[in-house]
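Next comes just one chain, in structure tokens: the form predicted on its own.
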């Protein structure tokens, strides 16, 4: 029987994630992976974390095994509010509310369902997070892209686009942005651009969907003030996650936004999964209260910085005449732009034969441009693997252009 004849038309609008497919490859055999955005848990404070966990579960075992409110356990919401206030200077306003997500990926999906009608105009960065595109596109919006430079989203270009759209009577629904340590671009918006984005949102009356998973992974300077910190109207949706500062296995994210939006997300989440794992929430409460995330960051950030430097050095050694790349101030990724007009999906085939994987850049562009780009992760491989992997990648590149 051909089961596919029973599928909905909308199923065709979903596409496989290149990152998830590469993770399958890395699980099956030993490769040097510049692909996934995996934290390095060699620096995780296991002993302290397990002791805290045992103590907490002895006290909260019955509650941790039960159903929880769709919105999330109130203690977790409280400790996350404290975390945001202490670490990034972000206070909830009187019109703000919060909801706990099953990872920030769920936030992308639920927000898309709550906000996007077919034909709505949304704006994204070029490049942008591919899972965001995969969440938005099935809702059938009209997507416009704004390019990035070394400081992230080009707000002058954004302003020009907005003028053009509004002169044609077209209204933007929202801008999706990753202002700090961007995935995949590795860029960080300076404060003046963050303020400019908010000013434009207020002037042209659209929402800002701020995705902020990497702000605490800073190699240079302090975490940046979120765009949400300039919000005095309730038009910024702020989303973050514990995946990069504690564990992606917890699947804990959150949204802080205007109360009516949080209510809409809560309504859809009741249908999607009822609530986020109660056990994960109780683990997160204790690990945040006991500052396990601080200990992990204090150990992992210097390691990530050294790995970033190793990758930048290896790129300079192997690709100095072949392309350019971003120089991230934090986070887990950088973006490489090859000078030649080659498809990095083809390059991936050659590099995989040598046991090296990366994510071709095309899937990070809403218009499928960026064929000559690639996202490179430096947090997971060792410095030795970074050096070896870059040499093998250059060999694959040389073979491809020769062919």
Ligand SMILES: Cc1ncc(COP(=O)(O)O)c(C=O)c1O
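This structure is a prediction, so every number in the text was calculated from the model and none was measured. Residue numbers count along the first chain shown, from 1.
Not pictured, yet referred to below: the form predicted in complex with the named molecule.
Participant: Can you tell me whether residue 238 touches the named molecule? I mean in the model of the complex, with a 4.5 angstroms heavy atom cut-off.
Facilitator: The answer is no: residue 238 has no heavy atom within 4.5 Å of the named molecule.
Participant: Does residue 311 make contact with the named molecule in the model of the complex, using a 4.5 Å heavy atom cut-off?
Facilitator: Close contact is absent here: in the model of the complex, residue 311 is far from the named molecule, nothing within 4.5 Å, heavy atoms only.
Participant: With a 4.5 Å heavy atom cut-off, would you call residue 136 a contact of the named molecule in the model of the complex?
Facilitator: It does not: once the named molecule is placed as it appears in the model of the complex, residue 136 has no heavy atom within 4.5 Å of it.
Participant: Hey, in the model of the complex, does residue 108 get a heavy atom within 4.5 angstroms of the named molecule?
Facilitator: Within the cut-off, so yes.
Participant: Using a 4.5 Å heavy atom cut-off, which stretch among 322 to 330, 272 to 280, 89 to 97, 177 to 185 contacts the named molecule in the model of the complex?
Facilitator: Selected range: 177 to 185.
Participant: Every residue in 129, 211 and 244 with a non-hydrogen atom within 4.5 Å of the named molecule in the model of the complex?
Facilitator: Every residue of the candidate spot has a heavy atom within 4.5 Å of the named molecule in the model of the complex.
Participant: Between 193, 71, 307, 251, only one gets a heavy atom within 4.5 angstroms of the named molecule in the model of the complex; which residue is that?
Facilitator: Looking at 193, 71, 307, 251 one by one, just 251 meets the 4.5 Å heavy-atom criterion.
Participant: Which residue among 155, 104, 300, 229 has a heavy atom within 4.5 angstroms of the named molecule in the model of the complex?
Facilitator: Filtering the options by heavy-atom distance leaves 104.
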